[in-house]
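In structure tokens, the next block holds one chain alone, the form predicted on its own.
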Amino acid sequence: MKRYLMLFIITLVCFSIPAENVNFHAILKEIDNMTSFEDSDLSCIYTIVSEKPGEDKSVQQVRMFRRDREDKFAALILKPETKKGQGYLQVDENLWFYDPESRKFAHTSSKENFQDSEAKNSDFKSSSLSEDYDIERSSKGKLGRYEVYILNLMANNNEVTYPRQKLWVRKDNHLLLKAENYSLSERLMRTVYYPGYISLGKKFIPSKILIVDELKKGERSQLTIKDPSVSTLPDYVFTKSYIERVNR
């Protein structure tokens, strides 16, 4: 993963000049529309490989289900064996974590780290950039070989995981290539790279995501997606009884 990260970073030759007269709010909305699945369900398997200095790599496998039109998602931990049976369920504003040992659900937050990785629970939800953020500044530049728009965003509510973000968006197709996540005081918290996407009809989902913790040197997670499907899921998938039953 380190070699992959270094190769990606080496290609970043960025410069910034004022952007032309472009409707950037419309671009944020397009990003939301391209990567959200309002007309179908979404299921896939994530493999999450995390690195922490002085520790062996940890590998997790998660089966994820989304129903964006109802703001629901469910997650089942498949690997490692020590965590198998754990699960997550979000319905509207409520997010629960299920522990098979206690057989209890506990409220958690979308701002929390997912299973001790660098990913946040919110990373698995649908995109809502156009609703949650206002654009403070915009410019254009290059990221590797791609012409990009560079957008500085400020949150307009307290529900988001990061109050400030900086995005690198491809000019030709408006796919997100890179994001820097900041605290309210503009401290860089983490950097996220999106080097590839899978096309599902007119929708897109990142095939790989690389998340670098900017506060804890050397900590990073790579998320790889396989078996994406937009087939309709049974309603019972998004229920507590299903999370309990399937994890027995």
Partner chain sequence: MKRFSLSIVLLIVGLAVQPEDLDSLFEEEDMVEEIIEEPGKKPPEEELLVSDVMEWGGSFTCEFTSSWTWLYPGGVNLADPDQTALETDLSASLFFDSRPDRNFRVFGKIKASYPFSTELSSEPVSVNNIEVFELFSDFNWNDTLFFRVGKHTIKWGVGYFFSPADVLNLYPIDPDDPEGEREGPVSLKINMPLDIHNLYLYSIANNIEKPEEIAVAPKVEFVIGNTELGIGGFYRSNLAPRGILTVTSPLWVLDFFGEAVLSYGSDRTFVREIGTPPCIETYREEDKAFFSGTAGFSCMNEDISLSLSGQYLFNGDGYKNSDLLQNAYLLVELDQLSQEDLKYFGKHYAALNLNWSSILDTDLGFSAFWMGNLCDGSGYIYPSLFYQVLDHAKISLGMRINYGDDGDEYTLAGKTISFCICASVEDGRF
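What you see is a predicted model, and the numbers here were worked out from it, not measured in a lab. Residue numbers count along the first chain shown, from 1.
What comes next is about the form predicted together with its partner chain, which is not displayed.
Contact with its partner chain in the predicted bound form, defined as a heavy atom within 4.5 Å, is made by all three of F65, K84 and Y197. None of K104, K171, R137, K79 but one reaches within 4.5 angstroms of its partner chain in the predicted bound form through a heavy atom, and that residue is K104. Among residues of the shown chain, K29 is not one whose heavy atoms approach its partner chain to within 4.5 Å in the predicted bound form. Contact annotation for L210: at least one heavy atom lies within 4.5 Å of its partner chain in the predicted bound form. When its partner chain is considered in the predicted bound form, T35 lies well away from it, no heavy atom lying within 4.5 Å. None of the heavy atoms of L129 is located within 4.5 Å of its partner chain in the predicted bound form.
In sequence order, L143, G144, R145, Y146, R170, L175, L177 are the residues of 138-177 having a heavy atom within 4.5 Å of its partner chain in the predicted bound form; the partner itself is omitted from this view.
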